[in-house]
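Just one chain follows, in the form predicted alone, and it is written as structure tokens.
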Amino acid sequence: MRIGLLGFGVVGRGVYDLTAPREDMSVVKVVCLEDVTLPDAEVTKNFQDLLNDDSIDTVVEAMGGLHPAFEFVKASIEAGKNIVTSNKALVATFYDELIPLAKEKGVCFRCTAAVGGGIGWLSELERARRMQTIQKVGGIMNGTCNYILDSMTRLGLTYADALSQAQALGYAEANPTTDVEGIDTWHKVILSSNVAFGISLVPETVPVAGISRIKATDVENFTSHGYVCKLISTGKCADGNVSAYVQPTLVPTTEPESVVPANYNLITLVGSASGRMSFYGQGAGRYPTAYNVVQDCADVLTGKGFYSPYGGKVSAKNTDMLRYYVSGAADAWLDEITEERWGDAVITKPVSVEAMHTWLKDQPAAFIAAFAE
């Protein structure tokens, strides 16, 4: 396998390092904007140099973002090159264009590292769905949020202090919005649901709430009542109806998610034959992520394509009835559904996920956390 590598940052460098000692694959050309010199690969700033090289059979996209990553990947597929990417935003956003195009052109498309980093979650979903019906997917999919919430719970830090610590350690970006507002997790649950259920979710129907409004007093409330807050993604399929959402969730201290530390992930599927199966590991990092990128390259060598057949468009119907913890807000609707109070916070009666997230859009200071099912 002769690889053209798009990007030479954290993941790209890891891919180069892990393929270097192998005899069955090698990075022969790298596209990046930095001045990099490599002993055994050509470095260029011009994507056309890679695209027009007929000796390159596989393109590894490790540049991130939507543009120009989408244009580069699409052009590579049209040129008959296999694709391996770790870019969950790219795949989730352009799922309806890239996956059918790869099939039409007869090329392989793999993105295992896009969800779970080093865990290999999507490849496990691929195996699981061959033998059974997948009923539910989800869990802790973002290491940045888990690090912040874990630090607030175990160390008593404020949100601001926990975020600063995560940034200092490289777990959070200088602009952490994509992580802390749940967008990264949102992309991952959409992609996971698509693979698990053989569909293509309409993204606009998948609501998301992040953790940026959580306060130390909220965490004190949770601890005193025997709960731990985690950012949890959920995708479910039952009787032909699909629900999918991302939200802070209160997990009893007896559940495995409650003890997931630092920047780790714990992702779960529930199957008709297997029951619950959970996968734990590093959700990010140079070599854990690059490991699964190179695993995908090895799968491409055996002719493996995408993880599941492309399915038709499906809108999520989020009618699940859950109780919620709500702080930082007060209005007539919230009063109507209040069941009890924890200090200044409200515990609601069961309310649909859709109704709660619709209400939240007009509440700029409110923090919500669902009670785990």
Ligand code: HSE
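Note that residue numbering begins at 1 and tracks the sequence as displayed. Keep in mind it's a predicted model, so treat the numbers as computed, not measured.
Not pictured, yet referred to below: the form predicted together with the named molecule.
**Student:** Picking from 192 to 200, 206 to 214, 136 to 144, 268 to 276, which part of the chain touches the named molecule in the predicted bound form when contact means heavy atoms within 4.5 Å?
**Tutor:** Of the options given, it is 136 to 144.
**Student:** In the predicted bound form, is there a heavy atom of the named molecule that lies within 4.5 Å of any heavy atom of residue 88, even though the partner is absent here?
**Tutor:** Although the named molecule is absent here, residue 88 would touch it in the predicted bound form, with heavy atoms inside 4.5 Å.
**Student:** Is there a heavy atom of residue 296 lying 4.5 Å or less from a heavy atom of the named molecule in the predicted bound form?
**Tutor:** Contact with the named molecule, no.
**Student:** Under a 4.5 Å heavy atom criterion, is residue 284 part of the interface with the named molecule in the predicted bound form?
**Tutor:** Heavy-atom contact with the named molecule at 4.5 Å: present for residue 284.
**Student:** I'd like to know if residue 188 sits close to the named molecule in the predicted bound form, meaning any non-hydrogen atom pair within 4.5 angstroms.
**Tutor:** Yes, residue 188 lies within 4.5 Å of the named molecule in the predicted bound form.
**Student:** Taking the named molecule in the predicted bound form, which residues along 211 to 231 bring a heavy atom to within 4.5 Å of it?
**Tutor:** Stretch hits: zero.
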